[in-house]
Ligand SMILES: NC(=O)c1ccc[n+]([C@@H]2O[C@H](COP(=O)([O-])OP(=O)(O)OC[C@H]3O[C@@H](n4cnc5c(N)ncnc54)[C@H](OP(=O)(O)O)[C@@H]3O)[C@@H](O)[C@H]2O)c1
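A single chain, nothing else alongside it, follows as structure tokens in the form predicted on its own.
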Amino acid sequence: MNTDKPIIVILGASGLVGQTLISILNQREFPRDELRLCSSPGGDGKQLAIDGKTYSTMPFEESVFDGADIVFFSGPDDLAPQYAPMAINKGAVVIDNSAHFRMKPSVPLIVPEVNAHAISKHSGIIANPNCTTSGLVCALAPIREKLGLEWVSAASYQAISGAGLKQKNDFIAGTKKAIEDNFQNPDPYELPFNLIPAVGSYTGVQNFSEEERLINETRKILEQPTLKIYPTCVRVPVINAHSIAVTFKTSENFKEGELEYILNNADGVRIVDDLTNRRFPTPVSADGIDDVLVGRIRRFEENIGGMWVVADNLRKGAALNSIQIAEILLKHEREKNG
């Protein structure tokens, strides 16, 4: 791997996550010799306007992986098992934002503030977690480290951008139409001015797929496979940034103010908790922010606490987290090569 000026490929560059990847690579001045932008397999090339610059994407061909060092995969889940191995076979490391590889025992599932040590265990592919999981574990991990965790209850309020560009555009159009129609005969199962307590597909075992991911991925990242997690995931009429109401029981008792102290010293976490002046995290305040915002921090009992967690799902939930993984990957490769 060329660690000074790697060749980078983004597969799925025209989607919301792909476009955010391009923007953050530039913001963080990520080193590169070449940036190859591809639409998802089967898609056409497009012109993208990002941060005042125009980028061209190319239709996907396998040759795009030739000589590549890092491939960011942000395409559909069902394409990952076919195309990620192609990139690996050509010598690239794949950082995959799909759900396909996350729970494979041999694939590290990484949130750098929590388990960066696991990156070195990769065999050509590193998985990026679900966009809700990333914010949740950033807030839970420092509490688990200091106090232990017995169980977690998490109700997520997930923005429409987490569903993709088409769904975001459909939501905006549907909201405009609902206003024009003066809210007459609304569809009770559509999102405009509504809440949908079903994110993903129904698994047949009480949960929807988003809830199953939240359980399994949180356990894997926190390295606590039997942690009890009780989730409810809700799609809300918000453009960007996921929010989570979290209640948890710790193994050890804690005092008033101790949770704030722990979180204030946690990497990637910013406390916003001034209730007198009505300052707390909101999706609007988290939009475009790299940190995970935490507020409404409470001690309900001597070992039961609560908090309100908000994170930009396109940044920390996907693109930023992937780039942080890549930065650590390059650092590890440089150290390994002397």
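One-based numbering along the sequence shown. Just so it is clear, the model here is predicted, and its values are computed rather than measured.
This protein has a second form, the form predicted together with the named molecule, left out of what is shown; the following refers to that one.
Enquirer: Counting heavy atoms only and using a 4.5 Å cut-off, do Pro142, Gly268 and Ile271 all touch the named molecule in the model of the complex?
Expert: Result no, not one residue of the spot touches the named molecule.
Enquirer: Have a look at 188-196, 103-111, 72-80, 143-151 and name the one stretch with heavy atoms inside 4.5 Å of the named molecule in the model of the complex.
Expert: One stretch meets the cut-off, namely 72-80.
Enquirer: Contact with the named molecule in the model of the complex for Gly164, defined as at least one heavy atom pair within 4.5 Å: yes or no?
Expert: Taking the distances in the model of the complex, the answer for Gly164 is yes, it comes within 4.5 Å of the named molecule.
Enquirer: Going by a heavy atom distance of 4.5 Å, is Thr282 a contact of the named molecule in the model of the complex?
Expert: Outside the cut-off, so no.
Enquirer: Please run the contact check for Pro41 against the named molecule in the model of the complex: heavy atoms, 4.5 angstroms, yes or no?
Expert: Yes, Pro41 is a contact residue.
Enquirer: Do Thr133 and the named molecule come within 4.5 Å of each other in the model of the complex, heavy atoms counted?
Expert: Contact with the named molecule, no.
Enquirer: So which of Thr232, Gln224, Ser98, Ser209 gets a non-hydrogen atom within 4.5 Å of the named molecule in the model of the complex?
Expert: Looking at the other structure, the residue within range turns out to be Ser98.
Enquirer: Can you work out which of Lys53, Lys46, Arg298, Arg28 has a heavy atom no more than 4.5 Å from the named molecule in the model of the complex?
Expert: Looking at Lys53, Lys46, Arg298, Arg28 one by one, just Lys46 meets the 4.5 Å heavy-atom criterion.
Enquirer: So which bits of 295-314 sit within 4.5 Å of the named molecule in the model of the complex, heavy atoms only?
Expert: Heavy-atom contacts within 4.5 Å come from Asn313, Leu314.
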